[in-house]
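This document opens with one chain alone, in structure tokens, the form predicted alone.
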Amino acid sequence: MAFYVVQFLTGLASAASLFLVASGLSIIFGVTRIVNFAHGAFYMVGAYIAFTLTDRLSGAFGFWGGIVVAALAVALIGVLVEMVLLRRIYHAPELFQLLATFGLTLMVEDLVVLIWGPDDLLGRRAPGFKGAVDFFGQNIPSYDLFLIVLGPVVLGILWLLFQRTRWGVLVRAATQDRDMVAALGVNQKWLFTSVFAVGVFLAALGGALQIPRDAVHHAMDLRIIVEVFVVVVIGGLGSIVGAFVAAVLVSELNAFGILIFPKISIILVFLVMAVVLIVRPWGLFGRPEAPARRTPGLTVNPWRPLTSNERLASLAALGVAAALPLFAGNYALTVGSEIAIFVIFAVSLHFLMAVGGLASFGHAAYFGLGAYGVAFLAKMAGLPMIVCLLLGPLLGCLGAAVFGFFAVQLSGVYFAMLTLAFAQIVWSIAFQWVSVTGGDNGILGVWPEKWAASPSHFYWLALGVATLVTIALRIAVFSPFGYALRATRDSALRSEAIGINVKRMQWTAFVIAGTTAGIGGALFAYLKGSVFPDNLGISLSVDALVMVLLGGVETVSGAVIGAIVYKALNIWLVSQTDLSKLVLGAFIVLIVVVFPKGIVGMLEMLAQRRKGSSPPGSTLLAKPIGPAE
């Protein structure tokens, strides 16, 4: 019994730090609607700066002063980031803000390695809390007891801040309806800046307080950010009490899951997240947000099929790509095959986002399911490669059909978070079901047959499939189904009024996108010769989002350019410099600031200006746009 009590208290200690980080993210997202992917980076920087200060400053005052100063220093960095970067893109689509914070995360990961080195750093023990308390033969670290007390204290301070101050009232009002707050004359710029500073301070404080418990390393940002997203979703956006309760729930599930359900311990948290989103999308303590007030058509430009000249240019570009084996070496062809596969992956997500208006944070699940489908058929059933390529993606189709049924019942960020939960459930199954998937060791030996084994032949196969998939999806965009799907994107209410079954249309688009991603995953399995759980991971889902946004989510085929630019640049930078993430992150941030509509979107805007036509915004304002263009 004493052991379980100690395990429970350990979970509470972990919940304190998780609550600090999650409450900061909840406040920031609740007010600014920024999915701050860099929140984990601020947590990590807080830990690194606190390690440096506490290592150089002696005594209890030096340690605790270093913790607070580190959090304040990172909060100041957060203010600079908000004023210099995020304030420039508040009027851009919300997902572009995600892209900017992702670029910032990449930069920070390389910067901490450059400053502090790649090795794990062990912080000093907290003065006054170096011992342990005996509890019926079980030792409880006294620092854990300190954290257990600190969590409710911070909760109380935040509650007083948000309930008893004018600033807190404004923050709570902005969380519910920021448009109305702006209409009342509140200076939103400084409200956003102050909220961002408080949120970053809490994240950095959570990281700083972890140095006596855990080693500081350059991958701790990604480890914490997924759990923080889970806590924020379960607790409710903008709810501090919800963040505290959810942090305790998640930490205790992690503490006891490994003891009671060792084979599904990782899945438990994401199952709870999925159930909460399905039953109560706005979280346990959250409230339904006010509907967004926007003029229909302001952010969606009318689309048109390619002109004759554009088709000729596309054929010429395809011809040049097909001729690559005539003058390129094996390495270049392998890179070209990978780029072609990621074009398939990117256009599948782009179809869901741009045409269906559904932003998925877990699209890698269907890419990975397609890869595992091929691996199962090739290794366990021994089927020929061509049969595996035809049947393997059906596993991605099945996953999309099941998960999509639940996901399309939601919209906006709740839809995105539910897709993330489903993707993490699939990843957890692949990681822990060792007897079937091989776990972290993966499934090896998935090699192409002789007819596609050479780099040139496989490149032509990947390029051909990517071309067919892109053409098929583009045809679907301008088909009656595509027009109806765009109608649901622009106005679900009007679509229902004219007889369109919105949920069925969205579910169909979800299945099409998942199946297409599975095709890319099937080819990827043969390209690499193996399949691992990482093929289902959140980092790959973020890569897909980056490719779509980089090309331009408001364009028809911007994902093609986005995938080519992102993957080519990523692969080239890795081979040229040890600071590839720093350069790539800076490039992403630059693109977001300079080209807020993406590369293709900006090129289209420049082309319209050269022709002397009015900007898309003025055209849309001058003439109402119907539900289907």
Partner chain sequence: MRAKNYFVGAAFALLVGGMASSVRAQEIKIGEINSYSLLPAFTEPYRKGWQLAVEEINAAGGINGKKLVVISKDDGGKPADAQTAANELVSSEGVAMLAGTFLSNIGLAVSDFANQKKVFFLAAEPLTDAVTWSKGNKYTFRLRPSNYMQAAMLVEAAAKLPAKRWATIAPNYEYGQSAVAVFKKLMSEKRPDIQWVDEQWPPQGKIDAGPVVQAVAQANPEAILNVTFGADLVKLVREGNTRGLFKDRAVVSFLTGEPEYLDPLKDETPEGWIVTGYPWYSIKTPEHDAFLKAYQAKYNDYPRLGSIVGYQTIKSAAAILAKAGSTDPEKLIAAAEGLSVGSPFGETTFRKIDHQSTLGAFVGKTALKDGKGVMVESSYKKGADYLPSDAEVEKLRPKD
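In this text the structure is predicted, and so the values were computed from the model without any measurement. Numbering follows the first chain given and starts at 1. So that the term is clear: the rigid core is the largest set of C-alpha atoms that superpose within 1.5 Å between two forms.
Not on display, but discussed next: the form predicted together with its partner chain.
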property: Residue among 150, 215, 398, 79 with a heavy atom within 4.5 Å of its partner chain in the model of the complex; result: 215
property: In the model of the complex, the one of 409, 194, 530, 456 near its partner chain [non-hydrogen atom within 4.5 angstroms]; result: 530
property: Interface stretch in the model of the complex with its partner chain - options 412-420, 513-521, 123-131, 81-89, non-hydrogen atom within 4.5 Å; result: 123-131
property: Heavy atom of residue 447 within 4.5 Å of its partner chain in the model of the complex; result: yes
property: Its partner chain contact in the model of the complex: residue 451, any heavy atom under 4.5 Å; result: no
property: Heavy atom of residue 141 within 4.5 Å of its partner chain in the model of the complex; result: yes
property: Contact label in the model of the complex: residue 381 to its partner chain, heavy atom within 4.5 Å; result: no
property: Every residue of 39, 461 and 586 near its partner chain in the model of the complex, heavy atom within 4.5 Å; result: no
property: Within 103-122, the residues that have a heavy atom no more than 4.5 Å from its partner chain in the model of the complex; result: 113, 118, 119, 120, 122
property: Core-superposed C-alpha of residue 265 shifting 2 Å or more between the shown form and the other one; result: yes
property: Displaced residue check between the shown form and the other one: residue 314, CA, 2 Å or over, core reference; result: no
property: After fitting the core, residue 135 CA displacement of 2 Å or more between the shown form and the other one; result: yes
property: Direction of C-alpha distance change in the model of the complex, residue 264 to residue 375 (at least 3 Å); result: farther
property: In the model of the complex, whether the C-alpha atoms of residue 375 and residue 262 sit closer or farther than here (change of 3 Å or more); result: farther
